[in-house]
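First, one chain by itself in structure tokens, the form predicted alone.
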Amino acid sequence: MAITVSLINMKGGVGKSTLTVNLAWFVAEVLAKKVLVIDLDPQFNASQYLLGPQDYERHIRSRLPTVWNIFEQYTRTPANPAATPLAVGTAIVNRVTLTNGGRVDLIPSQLELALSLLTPLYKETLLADTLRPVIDQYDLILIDCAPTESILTRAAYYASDWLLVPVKPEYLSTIGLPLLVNSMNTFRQAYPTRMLQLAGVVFNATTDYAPEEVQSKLGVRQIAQQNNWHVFENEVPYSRSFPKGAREGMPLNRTSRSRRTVISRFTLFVREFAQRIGL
């Protein structure tokens, strides 16, 4: 059965989607695991990264299922009066199958997912329930979450075993963490039987710039200590190869002219992350 991890931070601009895609690809390639990425952000950055703009546009124009269909599968409309449940396999796109047996699949998002926020009732469990038929086909499921509290957040919590919190060490780096504490506590009170754990905080896009990064990391570590959160020893360094990889549709290790030192440091984080969640 797959281990499900949501990547979340209530502050935007922390590199969450890029980290999600590269983490998925490295787990598949380095650890030979089968990974499903679920893009739960209406901005669909992870979808465009994995599929590329042209294939993503073809997917949407062909009206193929996305994560929006998961949340609206029971919405009765003149075109769907019976509210037919979605067969989740129809929403899964295979991005790559590797020779070592690893695989990266995707359930893409679309802008209209934001409309699901207008009718949030009874949708908390839809993602988890819909994934149940395919959960044994994967080793790891990664959910890329939007940086706001909503029904989508609660659905991600309900479907997840772990949360991973990327933090970019810069001014206002801690602004989203108190919101995340409250969000997690509220969910646990509402669903006390769900064993949601926090895998930890990972510093993302680090440059070792002093004193700004030093102060930012100190503030994050203080909040982590107050809430008994794990902080990953291995950090994800800043590299221009990450945005270049998004443009080329490739992970860090397959991006043109990416540096070995950056690849090595990211691989160390991937291995620490896998050990932390028992993958």
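For clarity, every value in this text was computed on a predicted model and none was experimentally measured. One rule holds for the numbers: they count along the sequence shown, beginning at 1.
What follows is about the form predicted in complex with a small molecule, which we do not show.
Student: Look up in the model of the complex whether Val14 has a non-hydrogen atom within 4.5 angstroms of the small molecule, and give yes or no.
Tutor: Contact with the small molecule, yes.
Student: How about Ala205 - does it come within 4.5 Å of the small molecule in the model of the complex, if we only consider non-hydrogen atoms?
Tutor: Ala205: contacts the small molecule in the model of the complex.
Student: Even though the small molecule is not shown here, does Pro243 get within 4.5 Å of it in the model of the complex, heavy atoms only?
Tutor: Contact check for Pro243: yes, within 4.5 Å of the small molecule in the model of the complex.
Student: Residue-level contact is defined here as any heavy atom of the residue lying within 4.5 Å of the small molecule in the model of the complex; does Ser258 satisfy this criterion?
Tutor: Close contact is absent here: in the model of the complex, Ser258 is far from the small molecule, nothing within 4.5 Å, heavy atoms only.
Student: Counting only non-hydrogen atoms, which stretch in 209-217, 64-72, 230-238, 29-37 is within 4.5 Å of the small molecule in the model of the complex?
Tutor: The contacting stretch here is 230-238.
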